[in-house]
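Before any questions on how it binds or moves, here is one chain, the form predicted alone, in structure tokens.
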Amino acid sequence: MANETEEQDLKDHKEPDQSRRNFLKNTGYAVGGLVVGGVVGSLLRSPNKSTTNNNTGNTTENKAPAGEAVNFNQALMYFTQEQFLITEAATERLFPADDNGPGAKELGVAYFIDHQLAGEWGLNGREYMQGPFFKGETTQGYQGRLKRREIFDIGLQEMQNYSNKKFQKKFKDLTPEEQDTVLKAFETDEVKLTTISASGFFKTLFGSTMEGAYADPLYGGNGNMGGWKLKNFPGNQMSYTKIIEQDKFEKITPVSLREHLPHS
């Protein structure tokens, strides 16, 4: 009888723990599910998502092609998927790919902007944001209570609204010429907004696009240092002593901050 009682007690002790584990797993909390349950999760999981062949019952994985490096920095930290697609399309028109090299999409500019909005820049963390608020002079730039991430939220939604109104399509689905029309309408304040300046948003978007194309890849853009290569910019070199005395231009392979890590 004692052994039976002990076995039953042990069984009763294990069941709640197992039940709790199943609950956490099913509700997305296990194995970091709380973090990867939303937009970021779908992006991280989709390349390796298991799929089952209904005819054979075999399970296969959709993996990146052999030899293709996966950039795990390309994941969303602030944007919704819709906001990201609008930004990606808009920045590609502002910095398009051509025979000279990659455009904003290939350089990962939209990821750069997303990562910046998720941090202090998006929150205006290092700026005085208290009232009273007055319209600033041209030389002062933006003066107001809205944070940059809020300006992007409004601006991207208004771009979508204007696209739907004028062309009956989402911005990402417009032709390049139609997308240029929308961007031009914002640049010239043809679009009348009540909460923000359309041209002010355009300037912020344009400036962020250029920063994403030319900043160190550490920050999410300038993929493969493609922006630097377009300008023959050497990046973060440790020294120029070998060429400083030369009278001719020396083209140097660019170096990112990552290259300065200590090697074991």
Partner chain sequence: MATKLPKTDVVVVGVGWGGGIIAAELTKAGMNVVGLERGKERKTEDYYMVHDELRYALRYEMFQDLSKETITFRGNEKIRSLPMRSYGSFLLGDGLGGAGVHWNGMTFRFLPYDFQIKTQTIERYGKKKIPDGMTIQDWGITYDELEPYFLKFEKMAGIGGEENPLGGKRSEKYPTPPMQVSPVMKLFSDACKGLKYHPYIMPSANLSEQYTNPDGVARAACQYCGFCERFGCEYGAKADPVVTVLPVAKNTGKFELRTHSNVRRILHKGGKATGVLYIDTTTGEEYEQPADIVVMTSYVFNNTRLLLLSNMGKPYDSKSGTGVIGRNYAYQVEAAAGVGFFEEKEFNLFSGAGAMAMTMDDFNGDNFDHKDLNFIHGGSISYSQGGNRPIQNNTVPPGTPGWGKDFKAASIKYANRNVSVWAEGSCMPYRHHFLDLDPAYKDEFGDPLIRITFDFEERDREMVKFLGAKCGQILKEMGADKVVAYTEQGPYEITHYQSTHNTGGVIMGDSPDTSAVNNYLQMWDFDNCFVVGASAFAHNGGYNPTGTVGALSYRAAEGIIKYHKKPGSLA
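Positions refer to the first chain, counted from 1. We call the rigid core the largest set of C-alpha positions that still match within 1.5 Å between the two forms. As the structure is a computational prediction, the values presented were derived from the model and not from experiment.
This protein has a second form, the form predicted together with its partner chain, left out of what is shown; the following refers to that one.
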Practice problem: Can you check 76-84, 153-161, 120-128, 189-197 and let me know which stretch has heavy atoms within 4.5 Å of its partner chain in the model of the complex? | Solution: 120-128
Quiz item: Though only this chain appears here, would residue 93 touch its partner chain in the model of the complex if you measure heavy atom gaps against 4.5 Å?
Solution: yes
Quiz item: For residue 135, is any heavy atom within 4.5 Å of its partner chain in the model of the complex, or not?
Solution: yes
Quiz item: Going by a heavy atom distance of 4.5 Å, is residue 180 a contact of its partner chain in the model of the complex?
Solution: yes
Practice problem: May I ask you to state whether residue 236 is within 4.5 Å of its partner chain in the model of the complex, using heavy atom distances? | Solution: yes
Quiz item: Out of 225-261, which residues reach within 4.5 Å of its partner chain in the model of the complex, heavy atoms considered?
Solution: 228, 230, 231, 232, 233, 234, 235, 236, 237, 238, 239, 240, 241, 243, 244, 245, 246, 247, 248, 249, 250, 252, 257, 260, 261
Quiz item: So, does residue 241 move by 2 Å or more at the CA between this form and the one not shown, with the core held fixed?
Solution: yes
